[in-house]
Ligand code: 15L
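Only one chain is given next, in C-alpha cells, and it is the form predicted alone.
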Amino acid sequence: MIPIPMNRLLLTGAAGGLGVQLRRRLKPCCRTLRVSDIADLGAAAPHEELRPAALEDKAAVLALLEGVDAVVHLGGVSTEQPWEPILAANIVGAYNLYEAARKHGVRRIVFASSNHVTGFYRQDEVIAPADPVRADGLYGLSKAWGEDLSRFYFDRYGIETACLRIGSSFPEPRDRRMLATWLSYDDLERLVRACLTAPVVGHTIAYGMSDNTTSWWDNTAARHLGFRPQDSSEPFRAALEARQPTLDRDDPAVAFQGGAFVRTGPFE
C-alpha cells in the first residue's frame, strides 16, 4: 500500500490535454510532483520538479524515475499516427519506463491505455476487460502491447499497474458517441486517485468512463479499485441528439466503438 501523501509522484505527458488537468489535481497526493514531457512544461509551481525527457531515450527515462514512489504515465503518442513515432514513444518508451521502474524499485504505475484497444467491437455490444483485444489502429495496438508489457512486469517483478482504457475525456461530450465514452475531468481525477490509493491493485484493466446511461463497457472486475464515477453524460443528451438527429448505420464510425479511429490511415 502506498502512503498518501507519498514523497514523490511522477506524471509523464504533463503538457498534454489530460496531463494539464492532472498536474494541478494530483498535488495533494504527494509532497513533490515530478512532471515530464517533450513539450513545454512552463514554469515549475511550488512542490514541482520539471524533468523534460523523451521516452525513447533510455538513459533519460532511467534518470527520470530515480527517487519516485509511483508513476502516472500519460506520456506518448495519443492519436493514430504513422508507425515510427508510435514505435518510439509507445513501444520503446513504455519498455524504457518499466525497466527504469524495475531498476529503481517503483512499485505502482497508473498506465494510460485507451478504449481504442477494443475499438473494433460494435456499439451494440457490452464488453469487459477480459474480452479479446480488437484494436482499431496502430495506436490501439501499441496500447494493447503496453497492457501486456505491464502484465509481464507484474507477473515477474511484482510492479502493480492499473491500465486505464480511457474513453473521451473533455469538459463535455462532443457527439452522440461520447454519450457512452465520456469521462469528466473530475471523474478522471477520481479514477487516478483510486488507482494510487487502493490497498491492492495487482494488474487491473479498467475502462475510464463516467456514470453514463449508455455504456458499452463493464467495469465490474475493477471494483476493487474503489472508483465510483459521479458525473454523467445524460444532461448533454438532448442537445447532442438535436445536433445529430440521424446517424448513418453504414458508417464504420457509427457501427464500431472506436468511432472515427476505425477509418483512420493508412499513412504513406
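Start at 1 with the first residue shown and count on from there. Computed from a prediction, not measured in an experiment: that's the story for all the values here.
The protein also exists as the form predicted in complex with the ligand; that form is not presented, and the subsequent description refers to it.
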_Can you tell me if His116 lies within 4.5 angstroms of the ligand in the predicted bound form, counting non-hydrogen atoms only?_
yes
*Should Arg177 be counted as a contact of the ligand in the predicted bound form, where contact means heavy atoms within 4.5 Å?*
yes
*With a 4.5 Å heavy atom cut-off, would you call Phe170 a contact of the ligand in the predicted bound form?*
yes
*Please check if Phe111 has a heavy atom lying within 4.5 Å of any heavy atom of the ligand in the predicted bound form.*
no
_in the predicted bound form, the one of Ser78, Ser184, Ser142, Asn96 near the ligand [non-hydrogen atom within 4.5 angstroms]_ = Ser78
*For the chain shown here without its partner, which stretch in 88-96, 124-132, 187-195, 161-169 has non-hydrogen atoms within 4.5 angstroms of the ligand in the predicted bound form?*
161-169
